[in-house]
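Shown below, as structure tokens, is a lone chain in the form predicted alone; questions about how it binds or moves come after it.
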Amino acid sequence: MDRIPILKLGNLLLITIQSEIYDSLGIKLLNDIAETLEKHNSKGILLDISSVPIIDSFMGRIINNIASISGLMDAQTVVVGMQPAVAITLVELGLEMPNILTAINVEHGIELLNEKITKLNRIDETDQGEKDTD
């Protein structure tokens, strides 16, 4: 069966989608992401869709599900490389993606994830400090 590779970059995972995702591949990808997040205790996912020229509602839901799964597993998701036609299609399909951050490319996506993770770590440390003084 086909697989979409998941690469580990420090505490981040890089997933590059280069073709259309069909049902069984989408489900396999979601399972692989959940397992890899747990295995490596990763704090962020970079989802590179720069090679995707068009998107349908199924693929939009897969992207949303990736963000939802990562959020539940204490990780952030940034979608990078979205082409204008893809953004337009998502809007036309009415697919809202409230849990997803976007960046123009992988480099900016890494910066955004690192900023977000650092900010969340500071909040966690502050919360932990308040609990320790109680």
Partner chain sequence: MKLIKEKKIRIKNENDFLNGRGLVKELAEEIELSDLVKTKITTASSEILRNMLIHGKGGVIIIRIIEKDNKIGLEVICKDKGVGIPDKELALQKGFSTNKSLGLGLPGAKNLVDEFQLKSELNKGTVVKLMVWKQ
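On a predicted model such as this, the values are computed, not experimentally measured, just so you know. Residue numbers count along the first chain shown, from 1.
What comes next is about the form predicted in complex with its partner chain, which does not appear here.
Comment: its partner chain is not present in this chain, but in the model of the complex one of 74, 96, 107, 35 has a heavy atom within 4.5 Å of it, namely 96. Partner proximity in the model of the complex, defined as non-hydrogen atoms within 4.5 angstroms of its partner chain, places exactly one of 36-44, 97-105, 66-74, 49-57 at the interface: 49-57. Contact annotation for the candidate site: 21, 85 and 88 all lie close to its partner chain in the model of the complex (heavy atom within 4.5 Å). For the stretch 106-124, the set of residues having any non-hydrogen atom within 4.5 angstroms of its partner chain in the model of the complex is empty.
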